[in-house]
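As a starting point, one isolated chain is supplied in structure tokens, in the form predicted alone.
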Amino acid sequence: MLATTLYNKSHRWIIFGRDPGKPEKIIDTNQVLITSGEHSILLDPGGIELFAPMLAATLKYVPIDHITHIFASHQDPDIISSLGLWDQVVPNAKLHCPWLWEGFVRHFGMNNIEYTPIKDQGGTIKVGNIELQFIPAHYLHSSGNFNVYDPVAKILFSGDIGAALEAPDAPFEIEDFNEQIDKMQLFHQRWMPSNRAKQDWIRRIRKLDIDIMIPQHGRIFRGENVGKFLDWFEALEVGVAIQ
């Protein structure tokens, strides 16, 4: 599994993905580790099939007992079906996930980790010496859904927003935004059901200072590509299965 450090000053952001051992018909996902001192949080740690390579990759950066928090942006198996295995190796960690999905997410197995529900309006969390913000992104593409924003590193983990369906060996970073559009369009039109929710999210995100945006699938947006994505998404009609 590839890993790249995106920010490394007072704390560190690392993105993982492009696992060559991934089964062919399993969608490729990006996982994120944020570390600060003796505390860390995994963002959308992945499906059950990714647990072993993800654990091995993570342990290159932090001891296992430094993984104190896990975040799941929503309930889907590609991001959190590994929960039952993480539950065995980091039993004292806390899972931060929308309140709406507790009864569903527990089906993945959860005997030790503490479920910490996130209220609809979002909130904040302290991880070591940093404070992260949970930004509401409901209905994009899940009815209970959050992004994670770091105002110091100026990084937004946007979950499925900005995601792209493309080859599993694709680069981590977008070089040409216009070439990326074909890979993103169907995903956003079909998996994002609400134009009203989309505009609400865009108004909220435009108020943030963002250098890097990390989606859960595909490539990251850096610099001016963040603004290009917001402009493109704002003009895109979504929910196209209802004609």
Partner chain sequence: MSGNHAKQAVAAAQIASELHLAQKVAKQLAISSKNARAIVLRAGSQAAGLAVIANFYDELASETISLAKSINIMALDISTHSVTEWRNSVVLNKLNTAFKLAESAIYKNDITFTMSKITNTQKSLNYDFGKLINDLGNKLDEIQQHMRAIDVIAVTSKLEAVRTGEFQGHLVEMADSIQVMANKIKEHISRSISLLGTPR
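Numbering follows the first chain given and starts at 1. Bear in mind that the values here come from a model prediction, so they are computed numbers and not experimental data.
Omitted here: the form predicted together with the partner chain. The next part is about that form.
Three-residue candidate spot Gly122, Arg206 and Ile210; no residue lies within 4.5 angstroms of the partner chain in the predicted bound form by any non-hydrogen atom. Taking a 4.5 Å heavy atom cutoff to the partner chain in the predicted bound form, the contact residue among Phe146, Phe108, Tyr149, Trp101 is Phe108. Proximity to the partner chain in the predicted bound form, defined as a heavy atom within 4.5 Å, holds among Ile202, Ile26, Ile181, Ala52 only for Ala52. At least one heavy atom of Lys60 is located within 4.5 Å of the partner chain in the predicted bound form. The shortest heavy atom separation between Gly84 and the partner chain in the predicted bound form is within 4.5 Å. Using a 4.5 Å cutoff between non-hydrogen atoms, Leu186 does not count as a contact of the partner chain in the predicted bound form. Gln88 belongs to the set of residues with a heavy atom inside 4.5 Å of the partner chain in the predicted bound form. Only one of 211 to 219, 173 to 181, 187 to 195, 63 to 71 places residue heavy atoms within 4.5 angstroms of the partner chain in the predicted bound form, namely 63 to 71.
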